[in-house]
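First, one chain by itself in structure tokens, the form predicted alone.
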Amino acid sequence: MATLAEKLFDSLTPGFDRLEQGADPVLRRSDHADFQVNGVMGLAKRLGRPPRDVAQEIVDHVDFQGLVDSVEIAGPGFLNLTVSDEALISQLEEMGADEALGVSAAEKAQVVVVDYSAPNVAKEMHVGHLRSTVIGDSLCRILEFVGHQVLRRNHIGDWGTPFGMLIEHLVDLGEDNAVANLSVGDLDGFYREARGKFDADDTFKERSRSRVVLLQGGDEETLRLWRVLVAESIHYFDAVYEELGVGLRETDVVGESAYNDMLDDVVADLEAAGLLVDSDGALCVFPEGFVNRDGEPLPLIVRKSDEGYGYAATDLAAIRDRVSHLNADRILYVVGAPQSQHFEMCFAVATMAGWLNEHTQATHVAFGNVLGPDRKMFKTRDGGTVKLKGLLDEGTLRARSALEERGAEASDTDVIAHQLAMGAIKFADLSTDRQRDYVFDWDRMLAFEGDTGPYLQYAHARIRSIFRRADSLPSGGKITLTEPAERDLARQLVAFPEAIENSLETLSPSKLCTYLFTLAQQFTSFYEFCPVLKAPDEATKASRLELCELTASTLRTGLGLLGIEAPERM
């Protein structure tokens, strides 16, 4: 389904082509009108003519086919377009009849691998995992919504030298006791105990090092014990994901260990391409354009001097596997901004090796930090790491208190409190431009006013309450736009496809968040100035119920793409 913006663009194109073939009208939404055409001045400059003269000639030769009520030539040559009510109504009716609310399927469906969350085995998830998890989950939902095949990948840290001490600690505790400890989610406690023994006991340290050799050598009993640690950790991760309401499952886990058997092939490919350089016994690739502080070429170490492999080799193997076996058209890495140079170097080497090319692209979806009220890294009062599970539980308790303060007495208050808490946490994160830091503030996040998840959820619940009180439900009646607030709401509704497009172009759900907040604001204004159940006549009532229904559907769909539930009542 063509959006209103696309229809206007198509109408403008012949007028621009008449003066210069392929000239872009540069059509944008505007605060001065419904749309503004900004491409006239650039065209006029290229033609060497006065911009307003060029603007007038374009207007004289454009047929808007009823889409526009008025065209104003403003300033040095902008075109301000006021869309006709008939065009808005037609677009609303098309949206209402479309399950996707006017969002077109991707022109070419792609296989998109999204790498996100990535906690470490035997360590609890903390607030540092929050952004990767919720941003990655939302991007997966939006990509699937437009028809792409999304392959989720949870690249957990499940391999390396620490597992020697962890397995030996498991042996010391006894497998049953160790599993009992891990099954209650005390992964950090288990890890700290193992680390403490490793640092204090030379005998334990030597056993741990020997166990690493056995693990890397494929000793079956060691691998079995390692699998116990991994399985218990994944069970804990799944519980966090279920509470948070994200789409990652055990089947999406493809950890570092999964690429062990591919590392030699990575070396062979890079060697065959003539890319490997021996640097003090380590095998490295020196991608062009990367230097250290002294201006010396910066290496990506593929194999260390002790013939061991680091995470750069594992990341290269993952790229190679995702291209050659998963047939990925695109790979997204939702990882914090501090890893930017690492991924740039990995992508550069993968391109040099031929794994990435014009047909397969990799993108680092970088994000900023979660800060505490002091605008420093978010920590507990004693300076420790904020555990994600505890944070989610605290959110639900706070949301329940907020509901009780508002006089909520519903039998499902616990369910609604959980929905509110997860919505508050996710929206606060997703509504921030992903490359910026943001302050974690419970009072602001759980507020029912302002740019918050609960505000949007309440807007949806309020619309549903209208239908519970109505003596009739929307039935496809004719929409009319007689009041300014009705028209403003309609203008925002038809912009939903553009919000989805903008979110995908920038790989930032914040664009969708901004759209939904504005939509909720427009509905609040509409509801204040345009009585629905007490409309002056039945036709107006039916029209406004249709607007309410379309608004509720858009809020519910948009929130769903953010991974946020839309309660029926609050």
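Being a predicted model, the structure only gives us computed values, none of them experimental. When you see a residue number, it is the position in the sequence shown, counting from 1.
Only in words, not in the display: the form predicted in complex with arginine, which the text now covers.
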item	value
4.5 Å heavy atom contact, Val335 to arginine in the model of the complex	yes
Arginine contact at Thr363 in the model of the complex, heavy atom, 4.5 Å	no
Arginine contact at His129 in the model of the complex, heavy atom, 4.5 Å	yes
Ala118 within 4.5 Å of arginine in the model of the complex, heavy atoms	yes
Residues Pro162, Gln216 and Tyr309 all lining arginine in the model of the complex, heavy atom within 4.5 Å	no
Of Gln339, Asn260, Ser305, Asn327, the one that lies within 4.5 Å of arginine in the model of the complex (heavy atoms)	Gln339
Answer option from Pro299, Gly245, Gly157, Gly372, heavy atom within 4.5 Å of arginine in the model of the complex	Gly157
Which of 339-347, 103-111, 289-297, 217-225 lines the interface with arginine in the model of the complex (heavy atom within 4.5 Å)	339-347
Residues of stretch 485-515 in contact with arginine in the model of the complex (4.5 Å, non-hydrogen atom)	none
